[in-house]
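Each of two forms of one protein chain follows alone as structure tokens, named structure 1 and structure 2.
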Structure 1
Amino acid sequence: MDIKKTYSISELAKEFDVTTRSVRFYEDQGLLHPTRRGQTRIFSSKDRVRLKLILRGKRMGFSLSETKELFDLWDETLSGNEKQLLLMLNTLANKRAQLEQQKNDIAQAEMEMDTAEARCREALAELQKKKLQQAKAEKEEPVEQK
């Protein structure tokens, strides 16, 4: 396997199902660092891994600035360090707490919807019952003759 494999912007975009514009945006944000051959961007295996991590981070709720901060710490040491790992653990704990809050909020919203739905169904049933009684009463009323 060739470790020095390079990728075009189109290849990365296709592989990760993103637009080339997104890849350029990540480059503009300082998250990817392709070399240039004229106007052509040449992405390294490191850029490919970074793009994969960026997209994984997005799915986990990481902002691009949080991802950049982690990348910058990693770049300082080439192999990561205690500061980076502690930051990552702290960030993960914060994301987990946010997700728990969102789950609680969703559960609360579902309970409120269930209550509203039950009230609507009761009101509808009552209206339909009154309508049926009214129709029955009108049928039973004697017809006035002139």
Structure 2
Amino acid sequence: MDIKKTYSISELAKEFDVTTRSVRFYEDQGLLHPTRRGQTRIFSSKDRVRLKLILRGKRMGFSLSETKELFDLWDETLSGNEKQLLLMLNTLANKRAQLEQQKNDIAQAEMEMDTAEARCREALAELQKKKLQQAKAEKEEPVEQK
């Protein structure tokens, strides 16, 4: 089995560095499904995993509703219906294409950052050279100021 533990809202919030407001919002949007003891939320380790996925999705530029669609789709997939299984495979293929695009974007960005950095270093080297020249000049022909 899993870690089997349960979590309070503030435990999760602290662990993933989000506000409790956000966690409640994610529940509101149907992304998390805590049970209740009285009116207090109790989160399962499944919820914990999903929260992690939500946040990673965000870092990857996914909206909450996109992530929710994936969650829902996966839940239905687990029912084992053939149509759902095919739909899931299809969706996975689409997401893969998206990730490919992102990888291209990142590679491009990295290349451009390389050339930008190189230019910066060149410019800095220029400045250093000038400084040295000036220092030398002052040594041979000192300039006093008073």
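C-alpha atoms forming the largest set that superposes within 1.5 Å between two forms make up the rigid core. Numbering for residues begins at 1 and runs along the sequence of structure 1. Only a predicted model underlies this, so the values are computations on that prediction, with no experimental measurement involved.
Asks: Would you indicate whether the form predicted on its own is structure 1 or structure 2?
Replies: Answer 1, the form predicted on its own.
Asks: With the core lined up, does the C-alpha of K136 move 2 Å or more between the two structures?
Replies: Yes, because once the rigid core is superposed, the C-alpha of K136 moves 2 Å or more between the two structures.
Asks: Rigid core fitted, then: does Q108 show a CA shift of 2 angstroms or greater between the two structures?
Replies: Yes, the C-alpha moves 2 Å or more.
Asks: Is it true that H33 shifts between the two structures by 2 Å or more at the Cα, once the core is aligned?
Replies: Shift of 2 Å or more: no.
Asks: What is the magnitude, in angstrom, of the C-alpha shift at N90 between the two structures when the rigid core serves as the superposition reference?
Replies: Taking the core as reference, the C-alpha of N90 is shifted 8.0 Å.
Asks: Once the rigid core is matched, what's the CA displacement of L99 between the two structures in angstrom?
Replies: That residue's C-alpha sits 9.6 Å away in the other form.
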